[in-house]
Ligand code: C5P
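We begin with a single chain expressed as structure tokens, specifically the form predicted on its own.
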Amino acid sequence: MPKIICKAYGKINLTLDVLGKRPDGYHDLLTLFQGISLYDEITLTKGDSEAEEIVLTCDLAGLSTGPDNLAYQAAYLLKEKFPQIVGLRIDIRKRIPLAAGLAGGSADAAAVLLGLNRLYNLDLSLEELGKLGARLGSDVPFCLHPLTAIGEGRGELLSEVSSPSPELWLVLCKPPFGVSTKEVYQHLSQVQVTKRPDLAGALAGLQSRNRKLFYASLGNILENSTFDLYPQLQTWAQEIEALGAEKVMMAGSGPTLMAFVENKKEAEKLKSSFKKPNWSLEVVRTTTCEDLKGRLIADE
């Protein structure tokens, strides 16, 4: 059976500022998105043309494979628009930790949109796929083309950065628990914010390759809320910084902590030094154009 294998790259927020609450209940954001080399692998297989249902499997026990899964929803969204999508099988190999603030679900949905577009020759542009993806989640449009981009609105309004991030190495440190994104946003109004991220400074640091300016400009406004709810996270962030990280900050709404270091060797060293039972520790780098060129593999 014809199939497509697609890499679903995760993302981080280099800067994340919350500007206010919208009438629709969401929040207006100003963020600098960045793709990372950690990815799930999505395999899409054409099945029996007489079979109508979408079948989804995953190698991670506990992850729903029903209609509430974003990858399933992405396939169903295209199936409604293109009736030739029948008898589809979706297999997910998970590497992005769950509930980590790394957009694992959104990345899977984006990979399904990209893969089906190729598998069924739908000829949809990235812009058209992005509009469909925004109906599934705010991070899905970025995950379609995860390099470096400014996100506004709910995060779905994207402006690609002309000077994308150079290769940066970091260690993703996820403790063995998740946090509620809804709770983090709700609690934000109850904490005092003393410093906001500097998007202009981060962009200037990228363009000039000034690492000191770049790291000084990064920030995540949600840290104020998540650290207040889970004080131990801030203590762990300080522990990681003491091990030699150039910058430590939280990913998304948490609880993953991101430790930026000079190179891969330093990343491996920090990973081996930070010993915590049941933590997920991943050495990753920022994505490049070359990563995206090879993300779709056809298997006839």
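Please read all numbers here as calculations on a predicted model, not as lab measurements. Counting begins at 1, following the sequence as shown.
Absent from the display: the form predicted in complex with this ligand. The rest refers to it.
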{"query": "Listed residue that, although this ligand is not shown, lies within 4.5 Å of it in the predicted complex (heavy atoms), from Pro197, Gly151, Pro97, Gly137", "finding": "Gly137"}
{"query": "Candidate stretches 244 to 252, 262 to 270, 22 to 30, 228 to 236 - the one whose heavy atoms come within 4.5 Å of this ligand in the predicted complex", "finding": "22 to 30"}
{"query": "Contact test in the predicted complex: Tyr76 vs this ligand, heavy atoms, 4.5 Å", "finding": "no"}
{"query": "4.5 Å heavy atom contact, Lys212 and this ligand in the predicted complex", "finding": "no"}
{"query": "Touches this ligand in the predicted complex: Thr181 (any heavy atom, 4.5 Å)", "finding": "yes"}
{"query": "This ligand contact in the predicted complex: Tyr185, any heavy atom under 4.5 Å", "finding": "yes"}
{"query": "Residues of 244 to 280 having any heavy atom within 4.5 Å of this ligand in the predicted complex, listed in sequence order", "finding": "none"}
